[in-house]
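In structure tokens, one chain follows: the form predicted on its own.
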């Protein structure tokens, strides 16, 4: 690239507002108050104390600006005040994984700077911070740096105590915020949940400053026995950034679980290596707020599904990250859990009758005209065993418990490093055709899921996360017909091109 080309690209980036952080502009707090009163009080409250009308329905709770605790900032860990650019960025971009939206498409730039001035006034911050984060010389990511970061991450349980060895937040102690609220460590494999982005520089900043109002400490604090040097913090940042690439992000366009056809036996355990060859599909899970008792404070947010079938049965492998293995009666689990602890659980919902058109049963446990089957697995108490249940439902008020063994429904599970994997298997057809779904290939079958974290806010019953309807497709075995059809199509297209070419040649000959 020539110098001229580089200058042209720089000019384009500046014209698009890309490539550089917003530079602080003088804000008018009085004008900011007008915007705040119109846009922000519903969550943060008129007094800025996080006491808005929606506070009891948000997880995490709205920021209390009067406390002066700003979680995402670039000022030094001993500085309470954030930089104006820090607050501007949160207003403009929002905070992923929370209810805080980005306002950049609604508010003008000067409006956002005015809002910065007013928001900072709640804590009396009228001067910029005296010291900012010292980034030193950035260590570029490499295999060596990532390995050094891993060792520092695990050394003395420096980060493992809360984030777990896998980085999925499988903690060994209960965490809470300064206001006494329950908090959960970040699942570092899910980049899309990082409040301040998963870029190494932003991760470095969180390591250096800590997260105010939480138990995430500063590792730049010279008084800490777990202090890291600037170079070491870059290594850890590079390692965490590598973890952020290992999660299973949701592809909104992928709404179909494709069950692979097998000629032999289905995988009999969650660890069968064949599962790695089947395409995974990941879905978002949202809190159940459509029927009593409504639920607003979830911890599980995604579920990944793989499927396979043969001539006799279908197998579904369900996988979701859960920071705790919830086992009622287990002292270690109960120490971490919200009381009373409940079992972890997952459910699969399927229509009794596969719809011929697009109309499906009500996704909240079916309806009177279109019943559903629900396969419900529970982790079991300490010293007990896991269980699987079968329900037939025509809505929230008409639920029949049935014997899963009568239809051959079985389940097996394993929990490790912050992740549950549950395998459910059932014959394609049952004797009770009128009460159970009969699986057939090549049809799009509606399917939905629900999950319960028994350590979080006593999730049980209707207090859980769930999905809407998606699709399950039992793909036909690959045979000769698709290949023959493809060859015939190619021959027809080829013949058409030859005919077109000859016709064009005759036309040119006639014209001359």
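As the structure is a computational prediction, the values presented were derived from the model and not from experiment. Residue numbers count along the first chain shown, from 1.
The protein also exists as the form predicted together with heme C (HEC); that form is not presented, and the subsequent description refers to it.
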query: Partner-contacting position among 303, 422, 307, 240 - heavy atom within 4.5 Å of heme C (HEC) in the predicted bound form; finding: 240
query: Answer option from 168, 426, 378, 206, heavy atom within 4.5 Å of heme C (HEC) in the predicted bound form; finding: 206
query: Residue 63: touches heme C (HEC) in the predicted bound form, heavy atom cutoff 4.5 angstroms; finding: yes
query: Distance check, residue 325 to heme C (HEC) in the predicted bound form, heavy atom within 4.5 Å; finding: no
query: Heavy atom of residue 214 within 4.5 Å of heme C (HEC) in the predicted bound form; finding: yes
query: Heavy atom of residue 185 within 4.5 Å of heme C (HEC) in the predicted bound form; finding: yes
query: Candidate spot 70, 115 and 162, all three touching heme C (HEC) in the predicted bound form (heavy atom, 4.5 Å); finding: yes
query: Among 265-273, 331-339, 247-255, 97-105, the region lying within 4.5 Å of heme C (HEC) in the predicted bound form by heavy atom distance; finding: 97-105
